[in-house]
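Next up: a single chain in structure tokens, the form predicted alone.
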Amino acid sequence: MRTLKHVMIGAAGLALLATGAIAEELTIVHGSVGRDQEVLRAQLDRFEAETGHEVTIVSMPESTTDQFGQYRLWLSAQSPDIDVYRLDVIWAPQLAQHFVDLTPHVEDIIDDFVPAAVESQTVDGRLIALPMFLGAPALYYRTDLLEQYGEAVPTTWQEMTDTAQRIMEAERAAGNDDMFGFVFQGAAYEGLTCNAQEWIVSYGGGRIVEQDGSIDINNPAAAEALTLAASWVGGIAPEGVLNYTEEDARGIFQSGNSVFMRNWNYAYALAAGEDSPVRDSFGVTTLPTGGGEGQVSAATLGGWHLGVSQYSEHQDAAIELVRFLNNYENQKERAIVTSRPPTLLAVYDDPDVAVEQEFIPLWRPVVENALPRPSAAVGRNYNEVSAAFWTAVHDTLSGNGTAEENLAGLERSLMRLRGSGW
């Protein structure tokens, strides 16, 4: 069991002694990609200087699926070792019983947050986590290559496919054998659920599970979307894309070896970094549509939020930390350094953010209208639902059955999971 630190040095320690407060040792568990952890550590250092508390980061693997499994082990054991958890946007309904209701602790600030983000973390009237940052994916593209070959930014998935094919073939004919047309998150994990949901919804194929709990994913539009995606593997996308997560895709694109990429906002800051080979030669746009009448771009709602464990022995200090990490200054810093869209509405209007990360103000309507995954509809069954979905999609991408066959199998699996009701 961790011990409390009673003796501090410096101004923070004197302030604690004067008020009779006790310096506490906190632990935050935090998965990260890009510069997330670097920024977090800098913000924690300021928190420690201001409060006298000490905070340790417990790092997690990149895969959200692996993170969720570890979280469930800790929480099921009612472990007091973790005070603050960084939670994926979809986890609130599944883990709600393990977290402190933050509602009475944030009444003075909650109206300043993006309403959709707050709603996503509210379960049975309890605020499970305070929204930290949002995510909505973009189509990244090489501006220099599109200009060189006289190609327009694609607006449909078929246009993207054709443009990627033409540029890839031309680049390889010119001697660039490492060039691919498109990279994305194709491994069998939660990231593939996000990608495939976007493809299917943009083709008018509906949701994995509809908001009312009904199941209609086995349909021709969904099959059309997945059939096109399967054609990418070994074509405009490398065979290895079947094992790609976010950082794998970013590595290929940022090294200059892909025309297009689907990825989250965090990749923007890294691709624009001083050491990036594509720093001045890429842009972003909204994800393509299916191209048919009434078909629209679909971007999965992402984001990570901070919850306080019911089993923490330092809940007051943990709540203080959650509020601190989500204040205006820290959200602004996170937006500028990591290109993570903020959850505080006012940060979108900050002129410094617009200068440093020009796409963030433009991305506000995308984030506010992003497509949620069906975690609310299926509740605690979400993890199993998502696994069934990404398995069916991965099988299709791998050539293990047609889209129609795998969607029929998915439908049967979802029906079994639902039983008499979610």
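Each residue number is its position in the shown sequence, starting from 1. Note that the structure is a prediction, hence the values are computed from the model and not measured.
Below, we refer to the form predicted in complex with alpha-D-glucopyranose (GLC), which is not included among the displayed structures.
- Shown without its partner, this chain lists E198, D83, D88, E171 as candidates; in the predicted complex, only D88 has a non-hydrogen atom within 4.5 angstroms of alpha-D-glucopyranose (GLC).
- Interface residue among M179, C194, L270, A222 relative to alpha-D-glucopyranose (GLC) in the predicted complex, by the heavy atom within 4.5 Å criterion: C194.
- Picking from 229 to 237, 206 to 214, 322 to 330, 299 to 307 the stretch near alpha-D-glucopyranose (GLC) in the predicted complex, with a 4.5 Å limit on heavy atoms, gives 299 to 307.
- Using a 4.5 angstroms threshold between heavy atoms, W264 counts as touching alpha-D-glucopyranose (GLC) in the predicted complex.
- Contact check for H53: every heavy atom lies farther than 4.5 Å from alpha-D-glucopyranose (GLC) in the predicted complex.
- Although the partner is absent here, T27 is not a contact residue: none of its heavy atoms lies within 4.5 angstroms of alpha-D-glucopyranose (GLC) in the predicted complex.
- In the predicted complex, at least one heavy atom of T64 sits within 4.5 Å of a heavy atom of alpha-D-glucopyranose (GLC).
- Taking a 4.5 Å heavy atom cutoff to alpha-D-glucopyranose (GLC) in the predicted complex, the one contacting residue in 229 to 249 is E246.
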